[in-house]
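The data below hold one chain only, encoded as structure tokens and taken in the form predicted alone.
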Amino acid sequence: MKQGLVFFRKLGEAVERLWERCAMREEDRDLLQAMFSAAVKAAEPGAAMRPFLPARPKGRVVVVGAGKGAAQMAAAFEELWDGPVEGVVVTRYGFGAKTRAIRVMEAAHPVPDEAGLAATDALFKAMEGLGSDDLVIALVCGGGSALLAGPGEGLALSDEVALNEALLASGAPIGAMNAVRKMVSRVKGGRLAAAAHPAKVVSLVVSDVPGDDPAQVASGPTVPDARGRAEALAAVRDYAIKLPARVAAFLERADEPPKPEDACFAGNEVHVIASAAKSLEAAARVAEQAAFATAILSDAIEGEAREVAKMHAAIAREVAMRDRPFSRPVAILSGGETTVTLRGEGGRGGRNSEFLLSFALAVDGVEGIAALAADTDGVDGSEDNAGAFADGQTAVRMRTAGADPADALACNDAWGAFAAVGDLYVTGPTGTNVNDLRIILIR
């Protein structure tokens, strides 16, 4: 018995030593977090908003808005605005902020609910009776597509929920999903701004979409889009989106959203006040201060998360093993929005954790690589983490902890795999959203 206890104690000590050798370097983790924090700070609503504030109008100032950072944008606007203000914004549950005059409502994300329906009604009601002397400030950021629940006439909330679930499972890029959303909504595709006419609408947009097209952020509630039914039907065909029957029938007969040349948009202003590009540059400056060279691949990368990860990993391996195409030490950064096609059932995680799990498998055993992938709003998918950390020993740690990383990737359970080794990155709501941030350090 005594010999058995000694054996198991020594075995436990050996496993602990192995775990310590496999753990990510603390200085790498600290630098990755510092870079993420700088990226988020660069998109802080108050500083970003200040240069784009319009002149005070003769009439009322009504604020409307939607997105995971809408409450923080509303609070920042109240601090900056010199004059009376009213209005309402909607954000995700738990993402609220304290405001004085602007009402903050909360609803579900990424799948719409009754609270989102009520919030959308409240936004339209806030703009009732506006005239040409009045001003509408639209605060728009990522997440608004789900938060602004407003099915077209003849459809129910359940239809919008079913559509949203189908879009999320399809793996289609954001532009394709939004083309469909705008056709079956009474608020998206510029319709909210059209309802404010003849008041002027100034949209202040925090972009979370590749290319920073404001008409795609939150499906463009106040920014019209030239695309219509033809583009929506093409998206359904090209990405094999399995539309619910009622939505498919509605799509064939629905009115198209108003076009950009419509008179109701004349005189309106649209400003992208924060974006992934600016945040990537801020993160790069932190790395440079730590004596790393930097390379920003792109702020508009799209595609299947696990496949995009393989491309990033191939570059990282080439640098680590051959010192090309970049010389070490280097920080490689990218932004944009990948997608996840659901393959399994019961898995947990978002596109950033799935990206990083695929990346970890692709750099398994390679020394000197450390990475972070996270959503700048603080939430990756439907879980409570912003993303995760990984390095060349992550897959080993997962196997040691009893989690098979390949199996986890196969069933879309990246959250479970990273939770098993304590490498989830949890920040809480950040108050902004400029899409995903991916950082790879190579020493």
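Please read all numbers here as calculations on a predicted model, not as lab measurements. Residue numbers here begin at 1 and follow the sequence given.
Keep in mind the form predicted in complex with another copy of the chain is missing from the figure; the text below concerns it.
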Exercise for the section: Check each of 300, 111, 157, 243 and return the one that places a heavy atom within 4.5 angstroms of another copy of the chain in the model of the complex. Expected result: 300
Completion exercise
in the model of the complex, the residue from 312, 181, 200, 191 with a non-hydrogen atom within 4.5 Å of another copy of the chain is 312
Exercise for the section: Flag residue 304 as yes or no: does it have a non-hydrogen atom within 4.5 angstroms of any non-hydrogen atom of another copy of the chain in the model of the complex? Expected result: yes
Practice task
Indicate whether another copy of the chain has at least one heavy atom within 4.5 Å of a heavy atom of residue 365 in the model of the complex.
Solution key: yes
Problem - Partner proximity in the model of the complex: residue 165 to another copy of the chain, non-hydrogen atom cutoff 4.5 Å - result: no
Handout entry: residue 396: touches another copy of the chain in the model of the complex, heavy atom cutoff 4.5 angstroms
Key = yes
Fill in the blank from the handout: Which of 262-270, 87-95, 204-212, 121-129 lies within 4.5 Å of another copy of the chain in the model of the complex, heavy atoms considered? The stretch 204-212
Exercise for the section: For the heavy atom contacts within 4.5 Å of another copy of the chain in the model of the complex, list the residues of 235-255 involved, in sequence order. Expected result: 237, 238, 239, 240
